[in-house]
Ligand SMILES: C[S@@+](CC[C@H](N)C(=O)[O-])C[C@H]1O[C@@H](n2cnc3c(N)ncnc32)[C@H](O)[C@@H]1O
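A single chain, nothing else alongside it, follows as structure tokens in the form predicted alone.
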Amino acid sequence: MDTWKFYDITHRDHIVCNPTSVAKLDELIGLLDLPAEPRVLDIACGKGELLLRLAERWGRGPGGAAFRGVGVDVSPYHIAELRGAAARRAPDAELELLEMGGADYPATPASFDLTCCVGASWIFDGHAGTLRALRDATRPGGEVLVGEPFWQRQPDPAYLDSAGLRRAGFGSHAGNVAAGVEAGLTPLLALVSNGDEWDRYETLQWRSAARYAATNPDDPDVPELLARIERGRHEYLTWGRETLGWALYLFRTPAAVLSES
């Protein structure tokens, strides 16, 4: 089954495609320190809810320049959905929405006020690599936002084997923050998702898959879709809910150093 078709089906009822609630996303947005006319890069933007809410909040600046954002995602389903939503919700914003791999986007160094990669650190070979890549694309004194899992406890080997995960694939919550410090960033905020947010994220996928199977019984991908959902449900309820955490991490890049005259 095509990977992006699978995620399109299983995330159809999600506003935010990760274990973050809408309320927590709005809280984060309210705590950002951005200029009046910010320029934002969102790698692996998915349906683009973060980008759209930023565009709606900042709108058109006092000088007439619109909010400027770049959204990059490899899923043709999500980019198509985002383009339609952007036309309805943020028609005045300057949004460049690109269907491509995030690592292939040629970001101009130090050019964005906020850079984001939420839940897709594999693009840059892990959490530390993601922080470095975003840091380099962010202006001095700008902000870097990532969403990253972390181990709440030592994972059961059976969980790793079933889910195709590696113990070294994720760090601890403290380690995720420390990785930003090691990259020369200042930690500003960490918002950890709770069990309710995780349950909603996971179980909405069960619901979407069941509804799709009921209304598309002749789709040859349905057996694989349901098998993957059943396996994921078993992994989550047996191990994942008590083992894997999730947080949004906000950092600031170093301010520019003024040379002496």
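Position 1 is the first residue in the sequence shown; the rest follow in order. As the structure is a prediction and not an experimental result, all values here were calculated from the model.
There is another form of this protein, the form predicted together with this ligand, and it is not shown here; the text below is about that form.
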Using a 4.5 Å heavy atom cut-off, which stretch among 122 to 130, 149 to 157, 181 to 189, 165 to 173 contacts this ligand in the predicted complex?
122 to 130
Among A107, L97, V74, A93, which has any heavy atom within 4.5 Å of this ligand in the predicted complex?
V74
Quick one: does A247 come within 4.5 Å of this ligand in the predicted complex, counting heavy atoms only?
no
Although the partner isn't part of this model, could you tell me whether S21 comes within 4.5 Å of this ligand in the predicted complex, counting any heavy atom of the residue?
no
Any non-hydrogen atom of V118 within 4.5 angstroms of this ligand in the predicted complex
yes
Would you classify A44 as touching this ligand in the predicted complex, given a 4.5 Å non-hydrogen atom cut-off?
yes
Could you run down 87 to 114 and flag each residue that has a heavy atom within 4.5 Å of this ligand in the predicted complex?
M100, G101, G102
